[in-house]
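Taking the form predicted alone, here's one chain by itself in structure tokens.
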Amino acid sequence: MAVREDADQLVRSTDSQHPANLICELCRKFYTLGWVTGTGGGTSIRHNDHIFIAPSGVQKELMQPTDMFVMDYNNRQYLRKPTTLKPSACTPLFLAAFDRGAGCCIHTHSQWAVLVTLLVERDFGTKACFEIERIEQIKGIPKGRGKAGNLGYHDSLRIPIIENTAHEEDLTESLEKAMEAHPDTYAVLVRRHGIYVWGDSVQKAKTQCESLDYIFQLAVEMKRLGLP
């Protein structure tokens, strides 16, 4: 582990858009949405060749920039590793997203995400994806990597679902397989657990995560009301 002597300089900045500051701000917002309750969930940002990662087991709404782990993307070695905190178990899953060109990856324990995985399993089986169409908010989701523009009102949004595991890092292989099987997706649902969402930038990842959560809540309520 090649921890840098000047490691603290990697996370100290007065710029609100610096990854260490931005992760803290995002997680505070996500806490108010119920996405990172009880230390759950996490966020990671790639900035050039540095990966900034929120720690594990920390109340996300109380995080400080000095709580951040920083990794060298190329050699996967930590440049900064707080001695009193644990690295995020989500790290290999974040890296899977960055390997596919993402600039930010968000993991939430949204109740709406969990509920739609259960509804899909009940109604369509364990192999089915979450699918929905003719909902305006679908326009918040890109068509796919390397494709221009976002999905349209008449397009079908499909999000793959993988099975949960006892340990977060054990999800990596199934997440990568889902990414390969669905190359246009920017998200993977984890049954009875939550969702991973990534985007080309922090702004896009946040927009997509918010759009998807809105869609999931709408889908649950539509199902409750007996709407198709």
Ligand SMILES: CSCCC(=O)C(=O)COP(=O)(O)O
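Note that this is a predicted model, so its numbers are computed, not measured. Start at 1 and count along the sequence shown; that's the residue number.
The form predicted in complex with the ligand exists for this protein as well; it is not shown, and the discussion that follows is about that form.
No residue of the trio H18, R46 and G103 has any heavy atom within 4.5 Å of the ligand in the model of the complex.
Out of the listed residues A97, V116, C90, M71, C90 is the one that sits within 4.5 Å of the ligand in the model of the complex by at least one heavy atom.
Screening 71-79, 131-139, 105-113, 147-155 for residues having heavy atoms within 4.5 Å of the ligand in the model of the complex returns a single hit, 105-113. Contact check for E176: every heavy atom lies farther than 4.5 Å from the ligand in the model of the complex. Shown alone here, T39 lies within 4.5 Å of the ligand in the model of the complex, counting heavy atoms only.
Of the heavy atoms in D67, none are within 4.5 Å of the ligand in the model of the complex. The shortest heavy atom separation between S56 and the ligand in the model of the complex is within 4.5 Å. Interface residues of 168-185, taken as those with a heavy atom within 4.5 Å of the ligand in the model of the complex (partner not displayed), are limited to E168.
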